[in-house]
Every structure is written in C-alpha cells, then in structure tokens.
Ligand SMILES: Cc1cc2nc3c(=O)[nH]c(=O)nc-3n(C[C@H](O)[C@H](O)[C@H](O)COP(=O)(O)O)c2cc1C
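Next up: a single chain in structure tokens, the form predicted on its own.
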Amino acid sequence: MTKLLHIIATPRGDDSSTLQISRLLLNLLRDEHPAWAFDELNLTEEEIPSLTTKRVDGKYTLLSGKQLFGEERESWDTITHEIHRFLSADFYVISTPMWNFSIPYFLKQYIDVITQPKYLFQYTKTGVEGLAKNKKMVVVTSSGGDYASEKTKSLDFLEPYLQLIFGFIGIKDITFIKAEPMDMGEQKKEEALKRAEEKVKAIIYSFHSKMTQ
C-alpha cells in the first residue's frame, strides 16, 4: 500500500494560505487514490525530539560501532521513531511558508533530527548515497513577497535548500508549488492562489497520466 506523509510546518491552521493549497492537493489525491494511507505530521503541534547532548553522544557511540543501553538507548529511540515514520512513506507533501527567506525553524529541526548517517544516507567508496530512494515529494509553499523575478529569486533560500537536503538523502522527484506574493495586495494574493491551484490540478493530471500509461 502506498503511504503519503503530510508534513505541516505552519502554525496558522485554517488561516494558512499554504494549507489551503495543500489541502486541495491532498483532497484530489484521496479522490484519485482511495486505497492510499495518509499520515499527517504537524510539526507545530507534535513534540519533535531535540538533539540534546545525550542524543548526540548516542549518535557517535553508534557510529563508532558500539551499542546503546539504558537511558541513552531510550533517548536515541525517540530519534529513530521519527526516522522510521519518515521512511515508511512513499510520497511526501510538505506544507511550509517562507520565513525570513528560508524555512521555519521547526521544519529545520525536523530535518536535522531525521537526517542521520546510516539511516537516511551513508558514505561509500564512490561518495554519499541517499537511502530514501524511489520516493516522490511535493512542497507547497507561500511567501509574502515575490521571489520569482531575476532581481529577487536569489533571496529564496527555501527551494534550493529543500531541493538539496532531500536530494542528498535520495529523493530526486521533488515538485514545488508556490503561491507568491501573498502580502502585496488582495488582487495579487488571489492571482497567486489561483496560479497555485492550477498547478495542483496540473500535477494531479500528470500523476494520473503516468499511472495509466
């Protein structure tokens, strides 16, 4: 069974423009694939473990080839729980606004927690090998400003970072749906949402065409 993990990185709930778009995508995917399993991870509501001294020490103990025991083992298990939940999915939807030209801190924390050697990547004689292969990802994002022009696109650190870090762990099939600008007038906001919604529909059509070929 195909499993989709929806990772939410916005605290705005029903007021979130990002979630407005991703919910359209998810509803269409549910209609298209009723047999899929859908899991939701809200990073603003669920407690994601911190990389404390004890957990980092445990990481390097494991990397040295030794075993963990007792409290150190239990502490590290909270990390592997998040990693296994992530790896159990075949398809990801990430809903994240742009904050200060990049991603919100709770999404960065989550990425730092799960991106561990021997779990999501490994070093080989030919270089780094990502271990989260053959998976798809759609990133739905919105921003107050417009970062699509030649003058401003260099300020967008969100897309290149997510492309890099998830590509690093093996996820190469990543599609971005952007709604921008959202804070430069109501008309521009409505136009941005309409463009994003049209891209959602185009993506669903593309997925459908590939699966029926």
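No experiment lies behind these values; they were computed from the predicted model shown. Residue numbers run from 1 along the displayed sequence.
Separately, the form predicted together with the named molecule exists; it is not shown, and the next lines address it.
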query: Distance check, N134 to the named molecule in the model of the complex, heavy atom within 4.5 Å; finding: no
query: In the model of the complex, D173 touching the named molecule (heavy atom, 4.5 Å); finding: no
query: Partner contact for T126 in the model of the complex: the named molecule, 4.5 angstroms, heavy atom; finding: no
query: 4.5 angstroms heavy atom contact with the named molecule in the model of the complex for G145; finding: yes
query: Which of 99-107, 126-134, 113-121, 74-82 sits within 4.5 Å of the named molecule in the model of the complex, heavy atom basis; finding: 99-107
query: Contact residue in the model of the complex, from M182, L29, I48, L41 (heavy atom within 4.5 Å of the named molecule); finding: M182
